[in-house]
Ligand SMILES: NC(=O)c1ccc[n+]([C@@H]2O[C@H](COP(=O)([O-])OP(=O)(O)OC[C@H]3O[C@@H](n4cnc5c(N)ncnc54)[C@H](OP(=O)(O)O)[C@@H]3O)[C@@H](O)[C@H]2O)c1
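There is one chain below, alone, in structure tokens, taken in the form predicted alone.
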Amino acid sequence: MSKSLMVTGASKGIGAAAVERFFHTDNDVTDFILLARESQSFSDFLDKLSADNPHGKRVHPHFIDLADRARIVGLMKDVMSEHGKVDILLNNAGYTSPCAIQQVQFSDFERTIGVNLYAPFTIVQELLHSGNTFELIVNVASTAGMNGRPGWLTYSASKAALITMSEVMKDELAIYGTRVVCISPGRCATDLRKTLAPDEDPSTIMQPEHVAGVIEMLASDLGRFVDSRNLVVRM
């Protein structure tokens, strides 16, 4: 039976790497529902998938700012109308603007919570309201949500909340046969990491494709035997 995969933050980093893993493998994932803000990187990524599609898979891009909760609500209705189901959901999109507590703008704190916490919650809840039952939900948190770090207050707070929210989702959605896994990557060479640690050499740390490999494993038959409320992924 064919399956659909929805990925947020699909234009680059871990999201794009995960899409490529599933897209270029001869598996039962045939439909890719990709969410990201409109950008050159997203356009380039979509062109890349279109140019190399050996298994005839279908790509359905949606341009959206995940800080816009009302837009998410409407989009989830459209997704269910167009596709009928979302089997695998990868809540990967993330945002932060690191600074000391005295410098935090509340509007920026709201955006961080909106993208990193409210968006995955809203996506899951709205799809449930539309009758969707997931096979697998993977929420991408961070080791920064396990231990607070100076300058990362808003990001750490949002990811800590996502870890806890995932625990509740795991317990509440088990009745539907849904597996919920929260993964917390450590240092990973993404654009978001460059924002958090601008002086770091990205070649010395974990790469997005490494995390994507773990996500692919979680979606496999083997993944059923990984029972973790917060799976740490790091070198």
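Keep in mind the model is a prediction, meaning the values are calculated, not measured. Numbering starts at 1 and runs along the sequence shown.
The form predicted together with the ligand is left out here; the points below concern that form.
Peer 1: Name the residue from Lys57, Arg187, Lys170, His210 that puts a heavy atom within 4.5 Å of the ligand in the predicted bound form.
Peer 2: Selected residue: Arg187.
Peer 1: Might Arg111 be said to contact the ligand in the predicted bound form, defining contact as any heavy atom within 4.5 Å?
Peer 2: Arg111: contacts the ligand in the predicted bound form.
Peer 1: Taking the ligand as it sits in the predicted bound form, is Gly94 in contact with it (heavy atom to heavy atom, 4.5 Å or less)?
Peer 2: Answer yes; at least one heavy atom of Gly94 falls within 4.5 Å of the ligand in the predicted bound form.
Peer 1: Applying a 4.5 Å heavy atom distance criterion, does Lys48 contact the ligand in the predicted bound form?
Peer 2: Residue-level check for Lys48: no, no contact with the ligand.
Peer 1: How about Arg21 - does it come within 4.5 Å of the ligand in the predicted bound form, if we only consider non-hydrogen atoms?
Peer 2: Looking in the predicted bound form, residue contacts with the ligand do not include Arg21, since no heavy atom lies within 4.5 Å.
Peer 1: Pick the stretch from 75-83, 97-105, 121-129, 134-142 whose residues have a heavy atom within 4.5 Å of the ligand in the predicted bound form.
Peer 2: Among the listed stretches, the partner-contacting one is 134-142.
Peer 1: Looking in the predicted bound form, is the ligand within 4.5 Å of a heavy atom from each of Phe32, Leu89 and Arg179?
Peer 2: Spot residues vs the ligand: no contact at all.
Peer 1: Taking the ligand in the predicted bound form, which residues of 64-88 have any heavy atom within 4.5 Å of it?
Peer 2: If the 4.5 Å heavy-atom criterion is applied to the ligand in the predicted bound form, 64-88 yields Ile64, Asp65, Leu66, Ala67.
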